[in-house]
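Given as structure tokens, the chain that follows is alone and in the form predicted on its own.
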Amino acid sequence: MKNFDVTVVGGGTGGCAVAYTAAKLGLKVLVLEKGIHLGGAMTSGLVVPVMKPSDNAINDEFFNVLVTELETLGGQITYQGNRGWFNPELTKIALDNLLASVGVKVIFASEVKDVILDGKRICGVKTEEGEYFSKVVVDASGDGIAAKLSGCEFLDKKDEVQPNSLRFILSGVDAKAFGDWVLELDKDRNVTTVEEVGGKTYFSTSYTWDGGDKQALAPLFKDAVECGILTKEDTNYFQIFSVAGAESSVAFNCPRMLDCNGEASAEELSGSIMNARQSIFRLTNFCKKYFKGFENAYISNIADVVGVRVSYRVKGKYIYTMEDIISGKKFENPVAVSNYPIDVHSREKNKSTLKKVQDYEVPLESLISADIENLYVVGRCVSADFMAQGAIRVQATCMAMGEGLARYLFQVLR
């Protein structure tokens, strides 16, 4: 029999934070990851960078330890005051190192097929390899796998969806040439930043079809559509970031998949992925033609997983709301403090939301299942309404959720 204090289903951003912190505190921890590496959105999804946490963040030890480990490996920089610029490939190694250092048992290529229930308690999970028993289970799968199998109630979706994305990386870019060129192009610096770090040039810039013709890149996208290089749909969202430790590589937060969301069927998803890869090819040719420094660029990586912004949200002991965020409501047991905006993407032009807010707290009770007393959730499936989830789904907040939950579990289980 395989017994643990904590079983974590999913080795993504939040799952790794739970596992590392709980094991460091002395608990016996198992991580079941269906892929062959840790990191989830950071690694498989190429979600670069981690958005800067609040200056008043809590439960940020795991984030800081990960940043330090990445710095040691040459896969991290501090850019514009944000320590969360990372290299996704080196992050796989960094997370292996961190979880191994505190004795976490990690099993890759392991998908949960069923759960073992005793009334309102979950005693263990079943995979093709066998059964694993534990005192608590944390669903960090992103899709609420353990919660679904346990019969948990999910929040009413009310057709509330966000489009998926399929990120990619181009390499062979002359960063210095592009940086000089884009700074000259974007006179207002509304969305463009360029900075030299360690003698190397790093940058970010963006364009959306919601922003209108005043955006610096707008004339280039307009011309590309007129010339047939891009489709109108290709221009809905475009955002790029340099990759830490890889000066010639650029991470793309696009294309946004207008024909697909987090609850698409396998058939729908398959067609959408193929369409997205065609869009990636068109965007690559666009950059090579219109962006100085991209003339020799090539596709070096396409994400292994689709970027899902919202899917199933488990009903918890507390349902976190947009009103909680806007009011800055205080809670007795906060697990995270963030000021990331309410960021909800839409497939329709001029329907997306990006609302800036002050610091807000995420309560522990939104991570506790309302139906199964020893089942917990971290990541995008937490108990929150649609708009609130659009703010707390980001990586730094998920890490804080995971660390905060682990500290609570240690108090419960010790």
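One-based numbering along the sequence shown. As the structure is a prediction and not an experimental result, all values here were calculated from the model.
FYI, the form predicted in complex with a small molecule isn't displayed, but the following is about it.
**Q** At the 4.5 Å heavy atom threshold, is Asn253 in contact with the small molecule in the predicted complex?
**A** So Asn253 counts as contacting the small molecule.
**Q** So in the predicted complex, does Arg309 come within 4.5 Å of the small molecule, heavy atom to heavy atom?
**A** Answer yes; at least one heavy atom of Arg309 falls within 4.5 Å of the small molecule in the predicted complex.
**Q** Would you classify Lys24 as touching the small molecule in the predicted complex, given a 4.5 Å non-hydrogen atom cut-off?
**A** No, no contact at 4.5 Å.
**Q** Quick check on Ala41: any heavy atom within 4.5 Å of the small molecule in the predicted complex?
**A** Heavy-atom contact with the small molecule at 4.5 Å: present for Ala41.
**Q** Looking at 218-226, 196-204, 111-119, 324-332, which lies within 4.5 angstroms of the small molecule in the predicted complex, counting heavy atoms?
**A** Only one stretch qualifies here: 111-119.
**Q** Could you check which residue among Leu30, Val47, Leu364, Val67 gets a heavy atom within 4.5 Å of the small molecule in the predicted complex?
**A** Contact check passes for Val47.
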